[in-house]
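Just the one chain here, laid out as structure tokens, in the form predicted alone.
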């Protein structure tokens, strides 16, 4: 394994970056169903991540480029992710046996609570791997949550989260977004994380409401703002999702 015995840069979760060096991690549990897996890692040091933050991760044997993984939960020196078996890293983690060696750094990104209006309660609308940070938020901040609406493509996928209520929606059905629009009422906010089609559905159904936030996604090279790889244009100018996001007000998104 690469030498990870560097001095860590300590910071609070609010600052968005705890470690600027890699630390060793070991896969200690994996539960797979359908196309998804919940993967649990044990790390060298505590990772006090917040809902909405992510880790940059890679396995010891590659692929060489890390990928951002949203936290499903973190507890001391253990953390978990919800991954779909697509792409080199995620497919490898979805199949990896216990004991697989990995490396992680982070957490990065702004916690959701740093972006949203704390005076509202929210519907949490998640699709696919986007369920992970929303489920984390619901458990960490129940006082801010009105209800959750989570959707996956098939019953086998939904079984990966046996303790959650997950809608089964076939391709193109848009069940989660439609259910959220039916449940929404004036004054209630929405935090959404999932496919762009779901965001467009919410934008069409809630034009101009300023309590709707969506988590954007772009490829990230570094995770802490140096590579400029995750810059997106908004109505307020360009932003780096790893530093200024990933959560953005829906009205600022340029389609």
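Just so you know, these numbers come straight off a predicted model, no measurement behind them. Positions refer to the first chain, counted from 1.
There is another form of this protein, the form predicted together with a small molecule, and it is not shown here; the text below is about that form.
*Asks:* Within a 4.5 Å heavy atom cut-off, is residue 88 in contact with the small molecule in the model of the complex?
*Replies:* Yes, residue 88 lies within 4.5 Å of the small molecule in the model of the complex.
*Asks:* Using heavy atoms and a 4.5 Å limit, would one call residue 202 a contact residue for the small molecule in the model of the complex?
*Replies:* Close contact is absent here: in the model of the complex, residue 202 is far from the small molecule, nothing within 4.5 Å, heavy atoms only.
*Asks:* Verify the contact flag for residue 198: yes if a non-hydrogen atom of it lies within 4.5 Å of a non-hydrogen atom of the small molecule in the model of the complex, no if not.
*Replies:* Close contact is absent here: in the model of the complex, residue 198 is far from the small molecule, nothing within 4.5 Å, heavy atoms only.
*Asks:* Quick one: does residue 46 come within 4.5 Å of the small molecule in the model of the complex, counting heavy atoms only?
*Replies:* Output for residue 46 is no: heavy atoms all beyond 4.5 Å of the small molecule.
*Asks:* Mind telling me which stretch in 67 to 75, 142 to 150, 115 to 123, 160 to 168 gets its heavy atoms within 4.5 Å of the small molecule in the model of the complex?
*Replies:* Within 4.5 Å of the partner lies stretch 67 to 75.
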